[in-house]
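One chain comes next, on its own, written as structure tokens: the form predicted alone.
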Amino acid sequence: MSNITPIVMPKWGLSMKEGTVTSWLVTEGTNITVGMPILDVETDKIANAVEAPDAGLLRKIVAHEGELLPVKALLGVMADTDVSDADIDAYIASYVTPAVDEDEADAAPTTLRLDVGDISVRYARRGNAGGTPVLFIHGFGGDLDNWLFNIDAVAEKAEVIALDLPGHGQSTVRLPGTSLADMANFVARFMDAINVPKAHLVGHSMGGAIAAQLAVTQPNRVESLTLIGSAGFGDEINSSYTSGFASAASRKELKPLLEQLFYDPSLVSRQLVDDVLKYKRSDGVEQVLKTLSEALFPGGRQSEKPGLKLGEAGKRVLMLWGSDDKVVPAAHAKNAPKGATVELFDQAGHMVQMEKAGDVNRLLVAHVTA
């Protein structure tokens, strides 16, 4: 049975334990290539397509649509034509879903906390220490779960850190200031607090502008930049999204806003809306987001554009954008610094790191390990 390759329930993010098979995108007999979307799965965070990690001939679909299964459960089987049906049936019958590694779970708690001045920060740290770590910085109104399809993939090759910015996620609902310089200085102080002198910065949206600001003002802290749907490269921004998100107080108001983040709005699950709504209803969050939105995006324009100064920083830059980004125009990619690697993805929106996770992860890993 050595020529049999299992397709298993993936683990997306730091806390995923199970997922529901919503539909298969391929049929038995399909020749599957690496990266091909093969089935849709919904978790308690989001729905998305599973991309094939291996190539092969799909001989048997095991998991049926509607089934709720744990991580690493058998979904299907790939094998060459010279493998008999009997051998495949025997493989399926003998397959045992691996248990969660309790020692690994104990050694790597899902998230950690520390104080940076008077702000308590939630963060995650994965992968093996050694070399320059990769620091993920989310965008406006987001949190470290925005990287749920990326953290583990990158952590296989490098140490990974992701934080909830002040006023976001589960960090203290207080801002260190309202300028990109204030936010970038806070990120530098966070790096000091976790003993990281230098990092590869990966920033999404507002987080990209914060990363660019840090590279411009404190270049010694930055090894390289990966900027995804990044603010800070032009004037335009969808202020109806930023101001609407800041003030949205109900599911009815929030769901259509979240749908603007994706090319495929069906990826916005009920649980995703509920999670964001819970955050939005925390004391002080609405005012923090309104204050930040008014400072960074006054009158529907970006007040600060550190991306336009990146050429002076002399850093390696990878820029990734969804062609259908409805929040920050993909046209801003033309303002990338000279020498930057720029990739635009069709049929992807503002959350390209989720919608095109496999492609983004391959480019990101190559960039930070170069």
Partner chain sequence: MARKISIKQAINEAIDQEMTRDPSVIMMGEDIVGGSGSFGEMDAWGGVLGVTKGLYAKHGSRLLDTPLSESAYVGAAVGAAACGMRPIAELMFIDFMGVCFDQIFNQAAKFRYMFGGKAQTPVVIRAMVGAGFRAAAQHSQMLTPLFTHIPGLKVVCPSSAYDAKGLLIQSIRDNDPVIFCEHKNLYAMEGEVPETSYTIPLGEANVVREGKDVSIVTYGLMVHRSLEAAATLAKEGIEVEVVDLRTLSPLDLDTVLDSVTKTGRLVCVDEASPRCNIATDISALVSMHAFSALKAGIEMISPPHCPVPFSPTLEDLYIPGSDRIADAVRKTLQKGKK
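Please read these numbers as outputs of a predicted model, since none were measured by experiment. Numbering follows the first chain given and starts at 1.
What comes next is about the form predicted together with its partner chain, which is not displayed.
Colleague: Is D274 part of the interface with its partner chain in the predicted complex - any heavy atom within 4.5 Å?
Modeller: Contact with its partner chain, yes.
Colleague: Decide whether T97 counts as a contact residue for its partner chain in the predicted complex under a heavy atom distance cut-off of 4.5 Å.
Modeller: No, T97 is distant from the partner.
Colleague: Within a 4.5 Å heavy atom cut-off, is D283 in contact with its partner chain in the predicted complex?
Modeller: So D283 counts as contacting its partner chain.
Colleague: Indicate whether its partner chain has at least one heavy atom within 4.5 Å of a heavy atom of R189 in the predicted complex.
Modeller: R189 lies outside the contact set for its partner chain.
Colleague: Which of 292 to 300, 249 to 257, 70 to 78, 228 to 236 has heavy atoms within 4.5 Å of its partner chain in the predicted complex?
Modeller: Selected range: 249 to 257.
Colleague: Please pick, from Q170, T217, S179, N185, the one residue with any non-hydrogen atom lying within 4.5 angstroms of its partner chain in the predicted complex.
Modeller: Among Q170, T217, S179, N185, a heavy atom within 4.5 Å of its partner chain in the predicted complex occurs only for Q170.
Colleague: Does the trio R113, R270 and K278 actually contact its partner chain in the predicted complex, every residue with a heavy atom within 4.5 Å?
Modeller: Every listed residue reaches its partner chain in the predicted complex, so yes.
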